[in-house]
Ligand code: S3P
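Given as structure tokens, the chain that follows is alone and in the form predicted alone.
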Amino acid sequence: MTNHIFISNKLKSFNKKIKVSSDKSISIRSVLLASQAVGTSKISNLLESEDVLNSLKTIKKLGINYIKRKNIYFIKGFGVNGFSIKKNTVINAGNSGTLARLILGLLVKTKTEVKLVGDKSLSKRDFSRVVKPLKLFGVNIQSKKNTLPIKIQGTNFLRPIKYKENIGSAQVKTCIIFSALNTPGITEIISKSSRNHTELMLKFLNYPIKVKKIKNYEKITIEGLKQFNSFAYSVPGDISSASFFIVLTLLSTNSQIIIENVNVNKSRIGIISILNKMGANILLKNKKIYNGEEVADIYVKSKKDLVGVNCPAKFNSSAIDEFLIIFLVAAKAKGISKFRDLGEMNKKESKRLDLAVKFLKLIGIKVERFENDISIHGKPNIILSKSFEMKNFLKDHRIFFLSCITALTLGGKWKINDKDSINTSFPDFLKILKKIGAKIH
């Protein structure tokens, strides 16, 4: 079976209303929190991507059963530290850094040693940022090079910690919050602002967690060893998945789109703020609050005269997964776009900052790079006519998505490999593109 696609035609003008895949971050968190609740939780519209399916397999290995009826997953939890773990248990997180880092936080009290592994890509990623705070809690955790595989064995003598998280990593913050659930006393985190789905979900569950804003940081306090009841949750659309259709519309001719029911949490919509600074007019309509999360329809129209941006670093955390596609807009904008302090991009599924520079040069865009800062010289009239083959530096779902949007908006004849990578986060990506009118072979 082939694992590549061909695109050789730009997309014609369109006017569509679509729904994108459910939010991956919230899907994983809802599965893990349901595993810690007392009773049977009902989660609807769960994203059925590889990362989320691996989360379901993980809780099952830890003694938590679930069934699916129609569009609802029923997950039966036994409360905080309610896992029942067999000897020699191995958890495979696949490609999911979110699952791998978050599940460690829920294993801090396990009596049985658990081994955590992942795929080739995940096994290269740095886990020191969670290993360090877990050791402060008193957990026995072993990793040769601060990478997977990791062995973890919990303890009954956990101690609350005070920890400063300077990276702006929601995964690190949530790992500490999950560890605190099992720990007596008050755990305190001073965290650089990042996506806050975990805090909002725990507030929705009436768990004793407090968040106080301090400039670019948040002070989070969690009281441990409190139980919470099962819950019902319908997962909204994912802004990261929506971002590719936002840019597709923006760079197409005489087109518009409405993307329905998307999570527009302020810690996630950096892409909208950045693109609007570049001259886009992206609107949020039908806003509502659902269980603490802000949800809206996103309205986008094509825009010819986009301009370069001197991007404030304050948007980095809220757009970290979307910079690849933002760079494509910068490539077509008038003037020079500047982005700073993007080292965190190289800590993702691949070294995305390195690959972004390589990709932009491949399509003829001048890029200047100094360490983690880049400047992109836009070409407003860029039209691609050559043949391109994307391989070797793929296997990252977001680079596959980026290649497709480039082909459909800038032209050229493209062979794009590693089609299966879309199953990580957005299995319906190609199906929705075809619905809009894309010719994909």
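From 1 onward, residues are counted along the sequence shown. Remember, predicted model here, so these are calculated numbers, not experimental data.
Another form exists, predicted in complex with shikimate-3-phosphate; not displayed. Remarks below refer to it.
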| field | The single option of Ser350, Asn265, Thr183, Ser169 touching shikimate-3-phosphate in the model of the complex, heavy atom within 4.5 Å | value | Ser169
| query | So which of Asp321, Glu293, Glu199, Glu218 reaches within 4.5 angstroms of shikimate-3-phosphate in the model of the complex, heavy atom to heavy atom? | reply | Asp321
| Partner contact for Arg29 in the model of the complex: shikimate-3-phosphate, 4.5 angstroms, heavy atom | yes
| message | Given that shikimate-3-phosphate is not shown alongside this chain, does Ser22 nevertheless sit within 4.5 Å of it in the model of the complex, heavy atom to heavy atom? | response | no
| Closest heavy atom of Arg129 to shikimate-3-phosphate in the model of the complex, within 4.5 Å or not? | yes
| message | Would you classify Ser255 as touching shikimate-3-phosphate in the model of the complex, given a 4.5 Å non-hydrogen atom cut-off? | response | no
| request: Go through 223-231, 307-315, 93-101, 71-79 and give me the stretch that gets within 4.5 Å of shikimate-3-phosphate in the model of the complex, heavy atoms only. | output: 93-101
| message | Can you list, in sequence order, the residues from 175-209 that come within 4.5 Å of shikimate-3-phosphate in the model of the complex, counting heavy atoms only? | response | Arg195
